[in-house]
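As a starting point, one isolated chain is supplied in structure tokens, in the form predicted on its own.
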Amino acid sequence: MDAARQAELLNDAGKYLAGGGTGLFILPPELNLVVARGEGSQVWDVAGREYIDYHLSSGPALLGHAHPAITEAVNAQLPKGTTFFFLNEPAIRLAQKMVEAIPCAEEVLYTGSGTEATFYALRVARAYAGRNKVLKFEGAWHGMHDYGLWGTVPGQPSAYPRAQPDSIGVPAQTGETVLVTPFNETARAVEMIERHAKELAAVMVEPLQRVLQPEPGFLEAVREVTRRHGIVMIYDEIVTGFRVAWGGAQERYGVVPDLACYGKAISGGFPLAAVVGRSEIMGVLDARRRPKSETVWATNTLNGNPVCAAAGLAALDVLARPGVYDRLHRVGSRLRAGMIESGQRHGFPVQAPGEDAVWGVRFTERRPLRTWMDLTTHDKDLGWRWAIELMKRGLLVNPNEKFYISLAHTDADVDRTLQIVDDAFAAVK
């Protein structure tokens, strides 16, 4: 154990990293940590403390940390070269596997992150449809680009179809092309799409919006109205892809979009994402058949590099094994049910919306939880204090966000977790 070294590293992070970390995520100083290593369902910090990990790097470690299949595939590729820009076999074979697995996929465009994937998907849709405006749903998280950061975390209902930017530095002009409407309010969504149909290039939706399941008929209605008006329907499956089912949310909910964005789980923890979709629409990327002036530009230096693609092939091979999703759902279902039971037994209004492989814990009397505004009734202070108690006892979580399940989580992990959860509820009570 080296608590002094961890303190030194945290001090250096405060000096040399913008914001002292790698993003907006901030922990109290007494709980802040530097991860030294991960294996399976667990991580260890530099001070030697062990955690059961339910954050999983915000989702990518679906197989768990340092999965042997991933490390073997990457180790085999590294001596052959890490990136070429030109075609390589792992990138070709991974694209083939994705097309075979994903209902809407006929072609694949690689990107480096989910933010890039949703950004390029909107560009492809605009080019294909010949229109400029896009529609998203209030509370949806589509990454860090300027078109995604409207109406993502509002504290009160937006002035539909307009919303407020989530970050400073986002030009107001981009908001003029982004329409926002509530998730799961089917009639309102259809009416807005109908009203703006001649301007809309795309409707982008998280089919599982953060932790909100789509109500029966909602995705079907959005699919019908977009198809009727020649509007590109885009699924943001960065979270749900290969997680809630082998075919992602398209398989789970039975509604197939025109384009979809994938990331996190598709590359075993390596930085890779993709846009997939129908050949007719993806054709706007094809410089073999179109003049460059009529082709969508979406080229990045490290796109489809062989290391990330080799990791992705290995990850999907593991996920394709029989019983994988049954196991994910079994472990997740037991944890969700146990958390709800424990919280309610201690007198808290606990709900666990989402899917068995990824869900949130929310403290609210509001039922059902349908829209982002419903989620804002969650007691975030209580959620924060409860999460801090979990971390003190050895669970790695992101307060007030999601619990991610991996294939590496064991029944013993579940037993220990539910005891920690119960102790944490008792502590905040």
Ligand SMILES: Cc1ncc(COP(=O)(O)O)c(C=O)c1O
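In case it trips you up, residue 1 is the first one in the sequence shown, and so on. Treat the numbers as computed from the prediction; the structure is a model and nothing was measured.
The same protein also has a form predicted together with this ligand, omitted here; what follows describes it.
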Practice task
Choose one stretch from 174-182, 75-83, 327-335, 110-118: the one whose residues place a heavy atom within 4.5 angstroms of this ligand in the predicted bound form.
Solution key: 110-118
Exercise for the section: Flag residue 243 as yes or no: does it have a non-hydrogen atom within 4.5 angstroms of any non-hydrogen atom of this ligand in the predicted bound form? Expected result: no
Practice task
Give a yes or no for residue 270: in the predicted bound form, does one of its heavy atoms lie within 4.5 Å of a heavy atom belonging to this ligand?
Solution key: no
Exercise for the section: Answer yes if any heavy atom of residue 131 is within 4.5 Å of a heavy atom of this ligand in the predicted bound form; otherwise answer no. Expected result: no
Handout entry: residue 138 within 4.5 Å of this ligand in the predicted bound form, heavy atoms
Key = no
Exercise for the section: Report yes if all three of 222, 227 and 258 come within 4.5 Å of this ligand in the predicted bound form by some heavy atom, otherwise no. Expected result: no
Fill in the blank from the handout: Partner-free chain; cross-checking this ligand in the predicted bound form, the single residue of 123, 196, 210, 252 with a heavy atom within 4.5 Å is 210
Practice task
Sort through 238, 276, 308, 234 and report the residue having a heavy atom within 4.5 Å of this ligand in the predicted bound form.
Solution key: 238
Practice task
Select from 143-159 the residues with a non-hydrogen atom within 4.5 Å of this ligand in the predicted bound form and write them out in sequence order.
Solution key: 143
